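Next up is one chain by itself, shown in structure tokens, the form predicted alone.
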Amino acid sequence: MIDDMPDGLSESAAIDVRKKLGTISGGDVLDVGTEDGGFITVLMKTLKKYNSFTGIDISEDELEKGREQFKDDPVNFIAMNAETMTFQDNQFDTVCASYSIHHLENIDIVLAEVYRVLKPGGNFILQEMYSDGEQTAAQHVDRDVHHLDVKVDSLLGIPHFETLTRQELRDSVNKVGLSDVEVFESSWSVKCLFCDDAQDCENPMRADNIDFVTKQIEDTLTRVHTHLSYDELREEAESLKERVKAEGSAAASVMYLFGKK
């Protein structure tokens, strides 16, 4: 972990989540909606031990990035729809989903598949941002920048949905029937414990952060510059950019949910 840890990070539940992950022997791990394997990197650093990782996603471009990054590690990336997994029943010791729930059109179907492929006694791990709770103005900016991206993706036919509340996340997972459920809510994610730039993130008003988020908003808007809804979205984007200047931007808080089959 980083030596010079920001006060906010050291006081956050990310420390407790790190300890929890350190008690889990992952075995063969499936990461659902893996993109380029970002959460796999975190799990490699935090799990007590593991055998292998399989990451699935519908984006071949993201998977190819992951294959290059993990070419010397026991990681296999497969293009697959999480609603219709081709894995056998009870195949994996651990199944996880990181920041992927809000990209799913049919959350219940995917979680049922997660339960099916998880071994009896196996671990389920969820990492997901949420929209409610006591979050700062800078975190609300991050949430609303994400929601602008949701609107643009929806216009382009890309599955992407607004962030769920904490209760909606709990309710979705509770339907699956997991046991020994533990929930942590953190203003920082576990990956921040290993980031050399974490100290900078303590200040949401730093110039490079404001420039980055402003450009992110502009790039999002550019994707629909010929759409009939462009003028309406541009007005929303301009309002967001003013909020970024006034309040900065900080990553939304995160829920970590652990359970067993």
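Numbers for residues come from their place in the sequence shown, where the first is 1. Treat the numbers as computed from the prediction; the structure is a model and nothing was measured.
One more form of this protein, predicted together with a small molecule, exists but is not displayed; see below.
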{"property": "Option from 194-202, 27-35, 229-237, 212-220 whose residues, in the predicted complex, bring a heavy atom within 4.5 Å of the small molecule", "result": "27-35"}
{"property": "Tyr115, Phe184, Tyr130, Tyr99 - the one with a heavy atom within 4.5 Å of the small molecule in the predicted complex", "result": "Tyr99"}
{"property": "Listed residue (Val75, Leu178, Leu148, Ala82) with a non-hydrogen atom within 4.5 angstroms of the small molecule in the predicted complex", "result": "Ala82"}
{"property": "Heavy atom of Leu104 within 4.5 Å of the small molecule in the predicted complex", "result": "yes"}
{"property": "Contact label in the predicted complex: Gln69 to the small molecule, heavy atom within 4.5 Å", "result": "no"}
{"property": "Distance check, Phe39 to the small molecule in the predicted complex, heavy atom within 4.5 Å", "result": "yes"}
{"property": "Asn51: touches the small molecule in the predicted complex, heavy atom cutoff 4.5 angstroms", "result": "no"}
